[in-house]
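As structure tokens, one chain now follows by itself in the form predicted alone.
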Amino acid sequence: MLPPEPKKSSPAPPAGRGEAMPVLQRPVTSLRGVGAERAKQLARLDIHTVEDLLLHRPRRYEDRRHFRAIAELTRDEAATARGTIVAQGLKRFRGGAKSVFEFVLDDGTARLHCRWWNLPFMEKYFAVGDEVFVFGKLVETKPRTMDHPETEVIETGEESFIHINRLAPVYPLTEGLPQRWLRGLIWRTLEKFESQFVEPKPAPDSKTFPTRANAVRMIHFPEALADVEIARRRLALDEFVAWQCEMQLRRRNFEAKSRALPCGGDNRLMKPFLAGLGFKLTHAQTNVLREIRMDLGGQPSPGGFGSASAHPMRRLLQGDVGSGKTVVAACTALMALESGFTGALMAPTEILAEQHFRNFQKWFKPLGIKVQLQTGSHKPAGSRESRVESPSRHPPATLDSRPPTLFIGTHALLTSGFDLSKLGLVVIDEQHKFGVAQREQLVRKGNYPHLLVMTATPIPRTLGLTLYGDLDVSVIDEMPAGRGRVKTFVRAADKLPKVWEFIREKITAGRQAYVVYPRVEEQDTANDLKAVTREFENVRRSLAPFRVGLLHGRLPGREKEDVMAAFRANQIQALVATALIEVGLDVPNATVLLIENAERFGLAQLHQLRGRIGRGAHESFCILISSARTDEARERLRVLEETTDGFRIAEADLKLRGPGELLGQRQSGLPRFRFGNLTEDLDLIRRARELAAQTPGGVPEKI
């Protein structure tokens, strides 16, 4: 925190359209004291309007009614002290390339040395005699020293009451923006425009929540620390209501202009498909298919699934790894194909797309259904049956002149020249790997086709309610019979020799193994993070004479395909890979998974990787090698030892690492909530859904 800069004359508020705007929507340059340079600094904090400024959330609060005496400061706890600078100076060394600026603070009980390394410009912000607030932890006790503490010069004047003798908000800053200046600006703006925050309709219960205007004041200048959480919850509720309304409005608009294609099918393909599977669907799979048949516009039939729907299906299918989502997708595709429509299934990687292609071709070829593959490595031109003919050279025939077709591919399905005639169904596998825009791009290749998005990354209910309010949700919560049990063990790196011995025993018994590393190549020789290309030779030596293959994202498509084919055929007994294998690979004979540097992966990703084993009848073993040095990292990995329940693991991952790790926040389309906490605010999300449902047209009057 830096002291205020000299006052500058303020530009006049913008005229014309700016004056006609609602006050809270006016640009920050309309505020006194905010010129072009300050506006640029505020923009780096994503503050563009008056409302943005007043919703800029403090990151912590300093109790400036009570200070810690310098003599009582410790290494263990960050605290605020207050004193007077009695000495300061800048020292340069190594020919001026390095420096340290230091001042000495005295409060009458002791002295505190505050240092800034290689920031010589700090010298100009302080002077002997300045009274200063300092926040931080001691790094040394003899003498008492803080490195790079947060500071704020205490100035007397008419606004001093904003900064001292109160719970003072401390805000996120950017270069050149003083804490004291920003706090003063927010105080003055709040004094002038607090009344512009009006209650939305319907408003939350006034007995439970403060008004929105009161909450904004409390979040900035609370009377007690307990006020902060009360205010945060009210402002979080407003955020969740606005998001729920947006999703509900999106859903209403979609339903108003779309009509469901009749894709319910007649079971002429479904019955022989189910009879030829060699196993019965679980109750969970059957229940989900009943919901899907209703969405697709199918009429009730004896022993069939569901009834008709007026709008195209928009459904999220959640199922833990190995729960049988692919078979459900196949049945869904058959319904559309029976109805005379084309289907498309998009997967995030070529490996997964090619595996789907093999499975669907095996299932559908006896039914007379054509399955075609479209990936970056399988270009439209070519003679192989798996390749799609180029639309530019061979214009698509009418649907009636060709057999029912299911297209399977990666992002290549999105290619502008690739035609999907009479598209009735889009299936997105591992949907969290795709952006919302990519999903919509594929859907727009048809005239409101049905959409089924699938994920083996269980989404905690909190996120599901928030992110997928515009989708119906189905869950496969039952695993197929006949799967081997998976045991998980966390081991330190010094146990690796015994682990290799164990893997050799399993391979000798006829099984196969995955060995996973977090990187493709070593990027920093000083880093102990292992890389797949470097470790490949080590694994070959450890498992000789058994054959070891290498798989990572930088290999050419043909080489990746050849390696996987050899592994499926047990011509390769161990596969050394990156996390590329986390989605969809199905090799029932692989029963051992070794993951090194396991602490570098998220829990949900480790669970996905673990889903590559336990897919056959044999008992399987997941071994996590970790050099975790913190209690938190060790606790995360213990979760995997204790449970194979993907939803429990997802909840733990959300709590420990936040939603970005679980979903990929940029991909998911999830907004940035200033006040909402997706880990802990499930009750607020539920209340927001209720309030949004009471809002006419899905839009609150004021938020």
Ligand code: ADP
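Small disclaimer: the values here were computed from a predicted structure and weren't measured. Start at 1 with the first residue shown and count on from there.
Keep in mind that the form predicted in complex with ligand ADP is not shown, yet the notes after this line are about it.
By the criterion of a heavy atom within 4.5 Å, His411 is excluded from the residues contacting ligand ADP in the predicted bound form. Heavy atoms of Arg252 never reach within 4.5 Å of ligand ADP in the predicted bound form, leaving it off the interface. Among heavy atoms of Pro169, none comes within 4.5 Å of ligand ADP in the predicted bound form. For Pro404, no non-hydrogen atom is located within 4.5 Å of ligand ADP in the predicted bound form, even though that partner is not displayed.
The stretch in contact with ligand ADP in the predicted bound form, judged by heavy atoms within 4.5 Å, is 324 to 332, chosen from 129 to 137, 324 to 332, 199 to 207, 557 to 565. Taking a 4.5 Å heavy atom cutoff to ligand ADP in the predicted bound form, the contact residue among Phe93, Trp117, Phe121, Phe279 is Phe279. This chain appears without its partner; in the predicted bound form, the one residue of Glu159, Glu150, Glu535, Asp586 with a heavy atom within 4.5 Å of ligand ADP is Asp586.
Shown here without ligand ADP, the chain has Pro480, Arg483 in 476 to 503 lying with a heavy atom within 4.5 Å of that partner in the predicted bound form.
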